[in-house]
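In the C-alpha cells that follow, the same protein chain appears in two forms, which are kept apart as structure 1 and structure 2.
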Structure 1
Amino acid sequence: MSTAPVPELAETATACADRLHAAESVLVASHIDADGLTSAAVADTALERAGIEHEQVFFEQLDAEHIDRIAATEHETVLFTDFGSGQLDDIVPHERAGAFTPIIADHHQPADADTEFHLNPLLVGLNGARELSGAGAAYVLARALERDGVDNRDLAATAVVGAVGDMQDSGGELHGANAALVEEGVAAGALAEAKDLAVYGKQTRPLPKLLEYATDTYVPGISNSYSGAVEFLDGLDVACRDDDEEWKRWVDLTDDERQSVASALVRHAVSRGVPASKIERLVATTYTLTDEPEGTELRDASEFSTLLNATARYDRADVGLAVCLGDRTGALETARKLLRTHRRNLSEGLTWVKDNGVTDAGNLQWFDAGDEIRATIVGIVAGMSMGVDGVDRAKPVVAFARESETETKVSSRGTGALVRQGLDLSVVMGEASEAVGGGGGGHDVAAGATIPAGEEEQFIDRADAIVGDQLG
C-alpha cells in the first residue's frame, strides 16, 4: 500500500482495515445525506474490491432503537459511516455484550464512550467540520483496505463529492486533510480542480438561471432577478445564446468567454457597491469528476452532491447509492426526477419564507414553517433564505418544521464569516435542545435538533443567548 492520505489517521485506519479483512461478513450502516451516501459508496466499493462480504443499511438518524435492530442481525462486524461517533454511548454496551464489533468512520463529535476501531479526525486534532467529512474518513479506510495491487485512489472523487455536500468548501476551497484527498484524486485521473466562478449549476443551468440563483455573493440587479440577469448578459460582447437562440450553459462557453462574463460580473458588482471582500468570493475552486460526461450534474462535485441529497430527502437512499456506484440508467433517471421534485419544493419553501418573513430574536433570526415545508428540507431552505430580502446574513437562521405530532425538527444555518467570528451551531443546537428535553448537534456552520412540540419559544430563548455569548 502506498503512503496514507492522512498520516495522523494511518495507524487507526490500518487497525480498522485489518479487522474488516478478518470479518466473515460486514453490515455497513450509513447516514442518508450526500456525505453519508458517498461514504457508503466508498466503503461498499472498497469492501467489494477486497472480497469482503457485506450488506448495506441506511438511517436518517442513528438512535438507540436502530442500534438495537443492528445488534439483532447475524452480522458480527458493523461498519458505521458518517455517524456512529456521537452514538457511542448506545453502541458500546452492545459491543461489550458481544453483539457485534463496531468499526466507525465518522467526523462528528464523539460521545463520552470509547471503542477500539474508531476512525475520526477529531480524535487526532483535525477539524471534522472543515478538514475531513464522513466520506473522507471512509476514503482513508478504503486506502488502508488495499491489498494485492488494489488501488482505491479513484474513490477520492466520490469522497470529494461528500465533502462538498457537507459544505466543507464553504471557504472557497477544500483544505486540510481534504486537500490530500483532492491531490490523490487528481493523481488518479478521477478529479480535476480549477479556479472558476463560484456559482452553482455551471454544468446544467442556462446562463440567466445560473446568475439569478447565484446568491451566495449577492449582486444587486442580478441575484434573484431573472430579467436583471438577462439584461446583464444581453449587454455583453459574448455569444450567450446558441444558433437556435437558446441560452447556453456556463460549460458551453469558451475559456475566454467565461473570463469575459466573470470580469463583467465583477465590474457590475463593484458598480453596485458590493464590498471587495465579498467580490473575492465570486471566484472559488471547483471540482470536476473527469470520468463523467460534460454537461451533466455528475461532472460537478457540487451538482452531484445536490442530486444525492435529493434522493436522500425523499427516502430513496438506495437510488443515491446506486448512482454513486455507477448506475447510469434507471437509478440516474429516478434521481433526476427526485431532483426536479426537490428543486420545486425548495423553490416553494423559499417563496414561503419570502412571503412570511423571519422573526428577529436579537442574536439570531427564525421561522416556523409547521407543515408548509418538509422537515427533511427545511435546513436547506434556511440556508437559501440567507440570500433573500428581509433576512440578515449577519445573523444565523433557525428554522422549525413539524416532524410529528409530538416532535419538531430544528435546523440552523450560518455563514463562514459568522463561524470565523466564533459561531458554533453544533453547540447551539446541542445545548438549546437539551435544555428543552430534546437532542441535537452537527457542525459549526450547519446543525440540527429534534425537540418536543410546543418548546419552540423556549428553545429560541436559549439558542439566542448562546449565540450572543459566542459572537460577543
Structure 2
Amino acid sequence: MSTAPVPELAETATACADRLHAAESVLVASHIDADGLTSAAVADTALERAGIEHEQVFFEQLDAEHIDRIAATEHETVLFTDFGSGQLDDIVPHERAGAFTPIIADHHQPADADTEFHLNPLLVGLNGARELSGAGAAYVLARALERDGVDNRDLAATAVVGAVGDMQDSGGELHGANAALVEEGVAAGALAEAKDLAVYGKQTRPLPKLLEYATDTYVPGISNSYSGAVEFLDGLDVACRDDDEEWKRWVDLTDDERQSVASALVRHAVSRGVPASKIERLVATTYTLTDEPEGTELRDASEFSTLLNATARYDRADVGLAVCLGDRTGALETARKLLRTHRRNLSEGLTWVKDNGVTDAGNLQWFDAGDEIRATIVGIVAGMSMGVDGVDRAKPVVAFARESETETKVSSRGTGALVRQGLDLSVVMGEASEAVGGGGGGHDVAAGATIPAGEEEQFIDRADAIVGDQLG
C-alpha cells in the first residue's frame, strides 16, 4: 500500500478498511446527488476489487425510517457514504442493539452521538464544505482498502467529480485535501488540471451558447445575448465555425485559439467596465477526465457532475451509478435524456425566481416555489439565484418547495463572504427546523431541511433571528 492521501484521516481510514475486510456482506447506503453517486461508485469499486460482497442503496435524505429499514436487512455491516454523520443519533441505537456495524465516510456536520468507524474531515479539523467531499472521504477509504497490489488511485478522478458536484471548487480551484486527490489522479493518469476559461459547457456547448450562458461573471453585450456572443466571435481572427459553417465547441479550438478568444473576452469585459475582481473569476482550474472521449459530458468534471445530478435527483440513481461504473451504452443514453430535462427544469426554475422575486425578511431573503420547482433541485436553483437581478448576494437565500402533502423541503445557500462573517447555515437549518418539528443540517455555505407543511412562516422568523445573531 502506498502512502495515505490525507494523513490526518489515515488512522481512521485504516480501522474502517480493516473492519470492511472482516465483513461478510456490506450494504452501501448513499446520498442521491453527484457527490453521493460518485462516493457510491468509489466505494463499490473498491469493495469489488477487495473481493468484499456488497449491495448498493440510495436515499434522498437519510431519516430514522430509512435507518430502521436498513437495520431490518440481513447485512451486518453498513457503509454510509455522503451522509450518516448528521444522522448518528438515529444510527447508534441500532448499532448498540446489534443490528449492524456502521461505517461512515461523510463530510456533513456530525450529530452528537459518535461511533468507532467514522471517517469525516470535520473530525480532524479539515473543512467539510471546501476541502473534502463525500466522494473524497470514500476515496480515502478506498485507498486504505488496497491489498495485494490493488491500486485505487484511478478512482481519484471519480472523487474529483464529486467534489466539483458539491461546488468545492467555487473559489476557482480545489484545495486542501482535495488537492492531494487531484495529485493522485494526475499521477494515475486519470485526471488533468489546467487553467482555462471558467464557463460551464466547454466540452459540449457550441461557442455562442457557451458564452451566452456564461453569466457567473457577467460580460455586458455577451452574457445572456446569443446575438451578442455571435457578433463577438465573428469579430475575432479565429475560425469559430467548421467547414460546414457549424459552430465549433471550446474543445474543438487549438490552445492558441482558446488563448485568443479568452484574451479577447477579457479585453471586451474590461472595455465594458467589468471590475478587475470579477474579471479574475473568468479564469479557473478545470479538471479533465483524460480517459473519457473529448467533446462528451464525461470529459469535464463539472459537466459530468451535472449529468449525475440529472439522474439521481430524478429517481434514477441507478443510471448515474452505472455511468460512473463505466456503462457507456444504455445508461449513458438515458442519462443524456435526463440531462435535457434537468437543464430545462433549472432554467425554468431560475426564470420563475426572477419573475416572482424574493421576500426580504431582514437578515435573509426567501421564496416559496410550492410545486413550481422540484424539491430535489430547489437547492441548485437557490444557489444559481444568488446574484441574479433582485437577489442580494449580501444575504443568504432560503427556498421552499413542496415535498409532499404534509412536508415542505427547505434549501438555503450563502456565499464564502457571508461564511467569513459568521454565517453557518447548517446551524440555521438544524435549529430552525427543530423548532417547528422538522429536521435538517448540511454545511456552513449550503444546508437544507424538511419541515411540516404550514410551518414556513414560523420557520423563517426563527431562521432570520439565528442569521441575525450569526452576522451581528
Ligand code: C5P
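Superpose the two forms; the largest set of C-alphas matching within 1.5 Å is the rigid core. Here the structure is a predicted model, which is why all the values come from computation and not from measurement. Here, a residue number simply tells you its place in the sequence of structure 1, counted from 1.
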Which one here is the form predicted in complex with cytidine-5'-monophosphate?
2
Spell out whether the Cα of Pro275 moves at least 2 Å between the two structures when the two forms are superposed on their rigid core.
yes
Once you overlay the rigid core, does the Cα of Asp242 travel 2 Å or further between the two structures?
yes
I want to check Gly295: does it shift between the two structures by 2 Å or more at the Cα, with the core superposed?
no
Once the two forms are fitted on their core, CA shift of Arg420 between the two structures in Å:
2.5
